[in-house]
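Just one chain is shown here, as structure tokens, and it is the form predicted alone.
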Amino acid sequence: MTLLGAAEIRELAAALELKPSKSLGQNFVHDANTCRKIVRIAELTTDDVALEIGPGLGSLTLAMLEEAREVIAVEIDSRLATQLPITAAKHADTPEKLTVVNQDALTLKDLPAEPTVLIANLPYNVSVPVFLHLLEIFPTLRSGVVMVQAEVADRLAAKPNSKEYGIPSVKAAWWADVAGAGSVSRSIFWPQPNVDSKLVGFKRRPTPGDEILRKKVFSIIDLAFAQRRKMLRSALSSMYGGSAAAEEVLTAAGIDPTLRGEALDIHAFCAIAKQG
């Protein structure tokens, strides 16, 4: 197995007449050591069906093929989706383990196999919606590592009562325990982005309720953080018909009505939702 370096990445891009798209968040990883490090952190094994989002030119894909039983790569760009199996056939010992799905990750509903591990260099502009969507629709995903913009990583992994804590933090916590998993240098990308990147790891755990509860909890979360400076009794007043009614619900849930959303964890939001 030979992984792609900077020269191979540029050659592939030139052959495809590919100019990396900012709108699709196309910054391609070209450092083999980083790719293998990500796979190692994800604890990928020969029993796993690995899911990759936005494989691009295939650097991380090849590292995943070294370890996984099967790799499913979801790529929105049809040129890249067509090229990826060709690259795998040239560089990988077992290219037959790769399946490429030419689709927008945000519209995914099913896959050829049930994925167990997520490993991805997520496009910066849609990283949070894609991450939450995948956790929602693929309950077989037990763990994974995603590379995202540093600020997004900090928000996903944030805990209550921190300035980074917000909607992504709480919603991700519905499905999984999320934590930072290290930083990566800008120099491993082509073209080099103007922002720093970090790795985020997650491990799935049982959700605190069913889909009906989740939808209500997520609506409460959206309201609680819509205006961060508002106390919860004011932030939730539109849902409960006034701040006095919202205060009654919060008190019944054991929540101080003068707190702000940033003080509550996912279980506190669930307690509010269960009050009706």
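Just count from 1 along the sequence shown to find any residue number. Remember, predicted model here, so these are calculated numbers, not experimental data.
There is also a form predicted together with S-adenosylmethionine (SAM); it is not shown, and the following applies to it.
Answer for residue 74 alone: is it within 4.5 Å of S-adenosylmethionine (SAM) in the model of the complex, judged on heavy atom distances?
It does: once S-adenosylmethionine (SAM) is placed as it appears in the model of the complex, residue 74 has a heavy atom within 4.5 Å of it.
Would residue 92 show up as a contact with S-adenosylmethionine (SAM) in the model of the complex if we use heavy atoms at 4.5 Å?
Answer no; every heavy atom of residue 92 is more than 4.5 Å from S-adenosylmethionine (SAM) in the model of the complex.
Indicate whether S-adenosylmethionine (SAM) has at least one heavy atom within 4.5 Å of a heavy atom of residue 136 in the model of the complex.
Flag for residue 136 set to no.
Any chance residue 105 has a heavy atom within 4.5 Å of S-adenosylmethionine (SAM) in the model of the complex?
Residue-level check for residue 105: yes, a contact with S-adenosylmethionine (SAM).
Taking S-adenosylmethionine (SAM) in the model of the complex as the reference, which of 65, 29, 217, 42 has a non-hydrogen atom within 4.5 Å?
Only one option qualifies, and that one is 29.
Quick check on this chain: which one of 53, 50, 235, 250 has a heavy atom within 4.5 Å of S-adenosylmethionine (SAM) in the model of the complex?
Partner contact (heavy atom, 4.5 Å) among the options: 53.
Choose one stretch from 165 to 173, 179 to 187, 150 to 158, 116 to 124: the one whose residues place a heavy atom within 4.5 angstroms of S-adenosylmethionine (SAM) in the model of the complex.
Correct option: 116 to 124.
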